[in-house]
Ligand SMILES: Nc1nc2c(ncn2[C@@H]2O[C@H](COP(=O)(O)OP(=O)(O)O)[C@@H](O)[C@H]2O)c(=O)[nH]1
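As structure tokens, one chain now follows by itself in the form predicted on its own.
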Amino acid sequence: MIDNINWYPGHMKKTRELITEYLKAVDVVIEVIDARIPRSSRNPIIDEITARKPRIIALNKSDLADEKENALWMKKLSGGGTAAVQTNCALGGGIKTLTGELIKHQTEKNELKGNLKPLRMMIVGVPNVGKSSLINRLTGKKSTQVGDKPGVTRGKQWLTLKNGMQLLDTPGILWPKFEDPQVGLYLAFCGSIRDEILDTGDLSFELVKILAADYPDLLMKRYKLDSLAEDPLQILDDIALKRGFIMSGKRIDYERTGRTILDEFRAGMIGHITLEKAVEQND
């Protein structure tokens, strides 16, 4: 297993400070997580510093995840003052439901404080979970940059929604060290850690091991394999042969094979996959 992933750029330290500083100015926190890795994409730092604020969890990229697992995670994440909503921000799925939850908070605020000041919210999440896409959906315009690599959003931005609510955007934030190497792997699989700091071949090897165990039929169907070898390396070889990823001297092009598998997993081309099962979690 790949371990010792430790990535904590300076801008992420600044983001924690920004979130802590501006938290007192917002009424509700929207935490965006990746539906394929609901536990690993929940930053414990965010959980710690926003603990006293009402929370809405957007289970984003739910269209890429296993529908049955989405339902289980929705139950697991809801309750105790926290609402969970399935979203697909790229296509706008779940935005009306999320807006409905925000309206509930606006109504409660008006009744409690006896004024009509607009609800102020903060959107937080680790890199590449879809924060910028959600912001663009809520504002109805391209208010912030969207990219397929972590770290595209820069600095803080106060934005106004069509209904007058105000939204504070923050850059994605990771944490200093992954105590569980598996968490780092899951984040890397989904693109929340820059590919440049990892070995594509090793990463795809680890992903194939998981897919072969949990979603063998999807893996075989996508890569037109008649069966799956017990050895993940042999599965990589079989995929390379099917796709014609062979270099001179009949050598397997593991870089191209690994990149293809990662890209197709991230795009949902292999199938609806949830890497972290709700029933497996002990929290």
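Numbering starts at 1 and runs along the sequence shown. What you see is a predicted model; the values in this text were computed from it and never measured.
Here the subject shifts to the form predicted together with this ligand, a form of this protein not shown in this document.
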**OP:** Evaluate Leu64 for contact with this ligand in the predicted bound form, applying a 4.5 angstroms cut-off between non-hydrogen atoms, and reply yes or no.
**Re:** yes
Subject >> 4.5 Å heavy atom contact, Leu161 and this ligand in the predicted bound form >> reply: no
Original post:
Going by a heavy atom distance of 4.5 Å, is Val183 a contact of this ligand in the predicted bound form?
Top reply: no
Subject >> Touches this ligand in the predicted bound form: Thr87 (any heavy atom, 4.5 Å) >> reply: yes
Subject >> Listed range touching this ligand, judged in the predicted bound form by heavy atoms within 4.5 Å, from 71 to 79, 104 to 112, 206 to 214, 122 to 130 >> reply: 122 to 130
